[in-house]
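The form predicted alone is given below as one chain in structure tokens.
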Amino acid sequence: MQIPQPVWLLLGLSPLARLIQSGISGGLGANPIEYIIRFSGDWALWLLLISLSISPIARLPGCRGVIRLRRLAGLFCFFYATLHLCSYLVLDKYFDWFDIGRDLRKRPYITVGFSTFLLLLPLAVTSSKGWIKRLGRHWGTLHTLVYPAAILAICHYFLMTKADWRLPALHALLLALLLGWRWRRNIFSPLPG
């Protein structure tokens, strides 16, 4: 059964709708800015892992059609990563560039998170069919930046977490499995995709 693309678009926007609804109903907790930053960061990471999961899922019998959702998942990942970064820049720091610069020097998780965003940026910009055509074989090479971006995103999560590392460790395990699958597939059966 094929699910229409508008349904996937609505699913991708549902976390944003939930965030807006929480804001309207006063459900953002004692520190709404931190809630928004964490919420958008969590969704960016989950969608990054989902986009990396699509290739292995597409190899399962009857699941080949899911591959067309990889770009959409990646773009939603970038959308929530942008929301995450903008929430930090606008809501938390009020565009105080001196304070932001100090954060970049003193807080490694900020530097790692910003580096992750910089790696995701060219992927989002070049995700259209026009860019795929323009870049040709170089498009695939450029899009391997998703792997260091995912590793940095997990590092950002670990560095940001102060006490309970179970959830970042679970994300790291999932990423390790996905990267291991990709490595094994490329070593033993180098097929495109």
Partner chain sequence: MPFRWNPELTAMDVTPEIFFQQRRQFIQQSALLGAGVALGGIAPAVSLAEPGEPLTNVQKGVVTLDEPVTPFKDASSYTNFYELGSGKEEPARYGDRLQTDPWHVVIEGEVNRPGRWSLADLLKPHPLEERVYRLRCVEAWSMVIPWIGFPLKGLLERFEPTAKARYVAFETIHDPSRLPGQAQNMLDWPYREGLRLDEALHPLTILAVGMYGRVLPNQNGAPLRLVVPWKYGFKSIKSIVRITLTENQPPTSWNQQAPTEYGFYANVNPAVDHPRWDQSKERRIGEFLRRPTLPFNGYQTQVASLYQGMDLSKNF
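All values reported here derive from a predicted model rather than from experimental measurement. Residue numbers count along the first chain shown, from 1.
Heads up, the form predicted together with the partner chain isn't pictured, but that's what we're talking about next.
Chemist: So in the model of the complex, does any heavy atom of Trp131 sit within 4.5 Å of the partner chain?
Modeler: Although the partner chain is absent here, Trp131 would stay clear of it in the model of the complex, with no heavy atoms inside 4.5 Å.
Chemist: Classify Leu135 as contacting or not contacting the partner chain in the model of the complex by the rule of any non-hydrogen atom within 4.5 angstroms, answering yes or no.
Modeler: Outside the cut-off, so no.
Chemist: Decide whether Ile33 counts as a contact residue for the partner chain in the model of the complex under a heavy atom distance cut-off of 4.5 Å.
Modeler: Output for Ile33 is yes: heavy atoms within 4.5 Å of the partner chain.
Chemist: Closest heavy atom of Arg71 to the partner chain in the model of the complex, within 4.5 Å or not?
Modeler: Arg71: no, not in contact with the partner chain in the model of the complex.
Chemist: Could you tell me which stretch in 24-32, 144-152, 122-130, 58-66 has residues with non-hydrogen atoms within 4.5 Å of the partner chain in the model of the complex?
Modeler: It is 24-32 that comes within 4.5 Å of the partner.
Chemist: Every residue in Ile54, Phe79 and Arg182 with a non-hydrogen atom within 4.5 Å of the partner chain in the model of the complex?
Modeler: The answer is no; none of Ile54, Phe79 and Arg182 reaches the partner chain.
Chemist: In the model of the complex, which residues of 94-108 put a heavy atom within 4.5 Å of the partner chain?
Modeler: Heavy-atom contacts within 4.5 Å come from Tyr94, Asp96, Asp99, Arg102, Asp103, Lys106, Arg107, Pro108.
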